[in-house]
Structure formats: C-alpha cells, structure tokens
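Coming up is one lone chain in structure tokens, specifically the form predicted on its own.
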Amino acid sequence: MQCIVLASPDDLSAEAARLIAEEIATHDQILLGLAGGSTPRMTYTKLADDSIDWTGVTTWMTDERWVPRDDPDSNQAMVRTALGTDGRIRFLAPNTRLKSPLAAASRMTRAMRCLMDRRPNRRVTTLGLGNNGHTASLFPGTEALTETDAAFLANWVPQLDAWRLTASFALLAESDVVFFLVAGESKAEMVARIAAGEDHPASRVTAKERVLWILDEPAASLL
C-alpha cells in the first residue's frame, strides 16, 4: 500500500490539489475522475483557487446518488459548487433525470467509452473510502462487485435501500493513477485492514501506474 501522510485534512487536500495540478500541467489531455465526499470537496475548492489551465481536461463523476442534480445529496451538485464547472471545465456526470438508474448507467457507459476512445494521454482518478470499505458506490455485498463488462453501473445498495450509479472496477483500472483521499479517525481501522491485505471493495482498485493513498494522521493512526 503506497501512501503519504499529512498532518490534517487541510494539508491532505492541499497536497492532493498539488498533485492533480501537477498532472494537469504536465499532460496535454487529461481525463480526471472526481469522487464525492467532504475530503474531495476540500481538494476541489483548492483546485478552484489555483490558476490552472483546464483547456485539456475533461472531468467526470466516479459515482452518483439517484437524486436530482440539484439535490443537496448530489455529488455532481457538490462538484459544480466546489470546483465551478459552469462552462469553464468540461464535466460529465450521470443524468439522473432519465427514467431509471439502468438507463442513466447505460448512457454514462456509452459516454465514457467515447471519451476513452479519444485516447487522452493521461487518466487520473480520485476516490474516497467508506468505513465499510466501499469506494465510489462499489459497496460490499452488491452486484456491482462482480460486473466485468460495463464501464458504469446501476448498483442497488440494500443497506442504504437506494440506487447508486458507479464506475466499475474495470473502468477504474483504466486509470494511470488513482488517488485515494482519506481523512479522519473513523477511517483508521479500515485503512489498516486494507494495508494488511484484507479484501474490501477499495482494496480491489488497480491502476496502470500506481494507486496512492493520501491520508491525514488520524486516518493513518493504526498503520
């Protein structure tokens, strides 16, 4: 498990923003996957403050809740606010106004395949970690864990009694680099279990070059 440890969530988000900005500055075309959650939100806010040239960047949501795009629980609503995607940044997210989660996942799969076919010279993805080991909306015990074909999935999550839309493991594995952004003492036990080699959804994520865990000190306290 490759990781770096920062003192605080603010330091973590600053380092994550720096790494992402560095990727953008050194590659002409980037496909940048964005996670939901409070720690990624802090990172996006810092990215929005930087003088970054977003011309060659296309961003996309790694997962979404089945709620209207302006709902407070919507990941894309958070990104639009934190990062500011209003015409300045190309942004792709599941269309939750379609008739069903399955329809939204199917359309997102087609859109992602189209983007991948354009062969961006860099694919960078940010992810978070749930206390139960989930990442994106790949929850333990759900059908999405065994899907091998589709890029994007409609995943019924019984423990939430809700539909989620999520990137598949296969799509995440197309990333050159994956950054896990994990903060807080509540995540420490799961981080330690993954570091010890236990099988959890987050531990199954792979990338072509590296998977880097960016942790604050509380999240790393049991390593």
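Quantities reported herein were computed from a predicted structural model and do not represent experimental measurements. Residues carry their position along the shown sequence, with the first being 1.
Not on display, but discussed next: the form predicted together with 6-phosphogluconic acid.
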Only one of 92-100, 147-155, 131-139, 107-115 sits within 4.5 Å of 6-phosphogluconic acid in the model of the complex by heavy atom distance, namely 131-139
**OP:** Answer yes if any heavy atom of residue 125 is within 4.5 Å of a heavy atom of 6-phosphogluconic acid in the model of the complex; otherwise answer no.
**Re:** no
Mark residue 175 yes when one of its heavy atoms lies within 4.5 Å of a heavy atom of 6-phosphogluconic acid in the model of the complex, and no otherwise. no
* Asked: Quick one: does residue 46 come within 4.5 Å of 6-phosphogluconic acid in the model of the complex, counting heavy atoms only?
  -> no
Worksheet item: Would residue 40 show up as a contact with 6-phosphogluconic acid in the model of the complex if we use heavy atoms at 4.5 Å?
Response: yes
Contacts from 57-72 to 6-phosphogluconic acid in the model of the complex (any heavy atom within 4.5 Å), listed N to C, are 63, 65
